[in-house]
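Just the one chain here, laid out as structure tokens, in the form predicted alone.
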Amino acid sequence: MSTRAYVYSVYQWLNVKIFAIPGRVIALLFFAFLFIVPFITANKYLIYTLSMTCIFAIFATSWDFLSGYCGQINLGHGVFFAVGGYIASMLSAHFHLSPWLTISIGSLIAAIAGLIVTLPALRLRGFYLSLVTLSFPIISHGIVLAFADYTGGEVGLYGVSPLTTSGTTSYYIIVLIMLFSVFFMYKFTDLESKFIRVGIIIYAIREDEITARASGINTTRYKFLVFFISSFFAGIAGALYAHTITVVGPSTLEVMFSFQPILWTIFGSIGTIYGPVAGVFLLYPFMEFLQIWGATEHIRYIIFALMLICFMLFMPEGVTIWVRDKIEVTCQRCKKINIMTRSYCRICNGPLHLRKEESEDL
């Protein structure tokens, strides 16, 4: 294939898969903006805030992958974040290992912890599973205090090496890791993926696990897989967090910390993968800027709660789904996404804006 033909094929792919779908165009522009931020401003605090936002975006997306898609409601997801952070911190502070090794080992041990948490998930569902998962951060908090010589106890563990010596370089590394993590989990849950055909199975387990098991699906194996992947990426987020702030403490095991990815995800749109990313990037920097403007912690949480309530009243399915419904329309015939302004589908040329009676007939 000549260079011209190759460029044309790439353009055709972008035109069909990206430029024709408004939501993907917005995502492309958003990620492009993240890459040019250091060229726009040299404000170190802004770069640091965006780095933390990217880390929490991985954390929230990992919760949505487990609970939003697979239906395994986890109220103690912060334990995987804390395991990744503490393991990476101890390896860095006590053994002076490279951040790349500490992040890798920390995320793998967090994934192993996820497999342990899967055991009660094999027997419990719904509200009962949520209560059991809520106990894991409390147990882990006790372990941290019991081994204070290694974990730092209540004070926290200091002496963690930074990711790199340059804040801008660390920012780009974190952005790239976030892009890879979010894209991997998105493709893993994509019902139309031609390479990873697991999304439909995870969706079936969420909708009706008993029926999925009766259909011959090994739900146990897929639960282990989902918990492993979710806790692995939560561990990556925790390890990056530890190397970014160069300290880790028991605050990551507080119950409220485990509720934060749930709130971010519900605000952004649960069960979408991209919803948690949008939720974190809308809420976390806003809370940080409130602190700059002099708002106390109590005032910030009051504003956060009121804003969350107001948005949920008018956008009960989340911000991204509300925006998506305003700019996109799905063809009733071929199920392909089109921009809202089109009258006919770009694939099958079928009418897009049908009356309710006509839509039901199709």
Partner chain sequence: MNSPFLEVKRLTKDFGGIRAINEVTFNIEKGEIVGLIGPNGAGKTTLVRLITGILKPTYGSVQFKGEEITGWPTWKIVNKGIVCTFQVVKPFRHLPVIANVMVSSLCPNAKKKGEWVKTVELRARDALEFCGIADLALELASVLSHGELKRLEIARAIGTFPELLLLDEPFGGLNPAETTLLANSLKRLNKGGRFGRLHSEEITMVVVEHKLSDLMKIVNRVIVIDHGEIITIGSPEEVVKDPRVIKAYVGREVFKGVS
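Numbering follows the first chain given and starts at 1. These numbers were taken from a predicted model, which means no experiment stands behind them.
One more form of this protein exists, namely the form predicted in complex with the partner chain; it is left out here, but the text below deals with it.
No residue in the set Arg24, Ala27 and Phe267 has a non-hydrogen atom no more than 4.5 Å from the partner chain in the model of the complex. With a 4.5 Å cutoff on heavy atoms, Glu207 counts as touching the partner chain in the model of the complex. Shown alone here, Leu313 lies farther than 4.5 Å from the partner chain in the model of the complex, counting heavy atoms only. Put simply, His94 is far from the partner chain in the model of the complex: not one heavy atom of it is within 4.5 Å.
In the model of the complex, at least one heavy atom of Tyr203 sits within 4.5 Å of a heavy atom of the partner chain.
Only one of the listed residues (Leu191, Val155, Ile292, Ile139) places a non-hydrogen atom within 4.5 angstroms of the partner chain in the model of the complex, and that residue is Leu191. Of the candidates Leu282, Leu225, Leu145, Ile217, Ile217 is the one whose heavy atoms come within 4.5 Å of the partner chain in the model of the complex; the others do not. Contact with the partner chain in the model of the complex, judged as any non-hydrogen atom within 4.5 angstroms, is confined among 106 to 114, 120 to 128, 225 to 233, 209 to 217 to 209 to 217.
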